[in-house]
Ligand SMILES: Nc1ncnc2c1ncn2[C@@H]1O[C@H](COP(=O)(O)OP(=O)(O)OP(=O)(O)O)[C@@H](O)[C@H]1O
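A single chain comes next, written as structure tokens; it is the form predicted on its own.
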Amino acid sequence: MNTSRPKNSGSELAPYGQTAVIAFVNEKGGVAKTTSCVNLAAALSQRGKRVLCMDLDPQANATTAFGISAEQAIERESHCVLTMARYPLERAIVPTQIDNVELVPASARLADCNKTLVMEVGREGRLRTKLREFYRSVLTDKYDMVLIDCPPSLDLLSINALTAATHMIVPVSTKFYALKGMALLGDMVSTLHEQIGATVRMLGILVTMFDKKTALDVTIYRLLKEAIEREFGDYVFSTIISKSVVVSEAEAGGLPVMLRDPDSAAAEAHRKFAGEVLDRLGHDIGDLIPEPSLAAAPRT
């Protein structure tokens, strides 16, 4: 198995210039994928980054987390971007309550995309095409970062996100089945690289929903980290996102915890996570995923 890491430079973030497009993906639900995506956007904005979030989950949790209602989303949403060939990305973008953060919202009708796109030529690359057009246009204001919240399934929505993305972040909870889901994801990414020229790179694996007071969680985290490093390489972020009532309360109020309770431990954890993300992007450590899995040599 090839486990070498190709050398890359920051310029290889093209075709979006120096913009990183990061997909938050895991076929398992309930791993705080949306929470991590939304709060990373808020933390990056506090560092002066201009961020676009794209909600590709029919549950529209990221849309709700930013305080955008279904009525606001229905005419300007990711469903239109994916299913209408001449619908430009910029038309779907709406402002949020957070400075420097904008959103392509979602609604329940996004679930129809899999049926709508299944017979279309180039269906896997529809989002990549729209992003390329957006970044080539002289009429659009550009973003420093694009974050994509994927659905908890490896369907055409996730495939579009992975085909468009330059990097991916995989949130995992402290459960023994986490590795199984990652293996399936690794197989899919390898296939996308081979068949349609995707170039998405692993940026990191984020441990979420962690309860340090529970002996079982502590034990599973240790075993999970060891297994991930053994199977896939040293990709685990040092930041751990713990279970938090504060986060749930913030989500219910339509605000990221970064704004709702900026002095909380949860907000601090997401600020640390944002620092790690920027550090890894700055060193361009994400590499093409070797076949047939996510295996790679540890970072040095």
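Small disclaimer: the values here were computed from a predicted structure and weren't measured. Note that residue numbering follows the sequence shown and begins at 1.
What comes next is about the form predicted in complex with this ligand, which is not displayed.
- Heavy atoms of T35 reach within 4.5 Å of this ligand in the model of the complex, making it an interface residue.
- Contact annotation: M209 falls within 4.5 Å of this ligand in the model of the complex, judged by heavy atom distances.
- By the criterion of a heavy atom within 4.5 Å, K28 is counted among the residues contacting this ligand in the model of the complex.
- Mapping the unseen interface onto this chain, P152 counts among the residues with a heavy atom inside 4.5 Å of this ligand in the model of the complex.
- Taking a 4.5 Å heavy atom cutoff to this ligand in the model of the complex, the contact residue among E231, D234, E268, E251 is E251.
- The contact residue chosen from T239, S264, Q59, Q46 relative to this ligand in the model of the complex is Q59, the criterion being a non-hydrogen atom within 4.5 angstroms.
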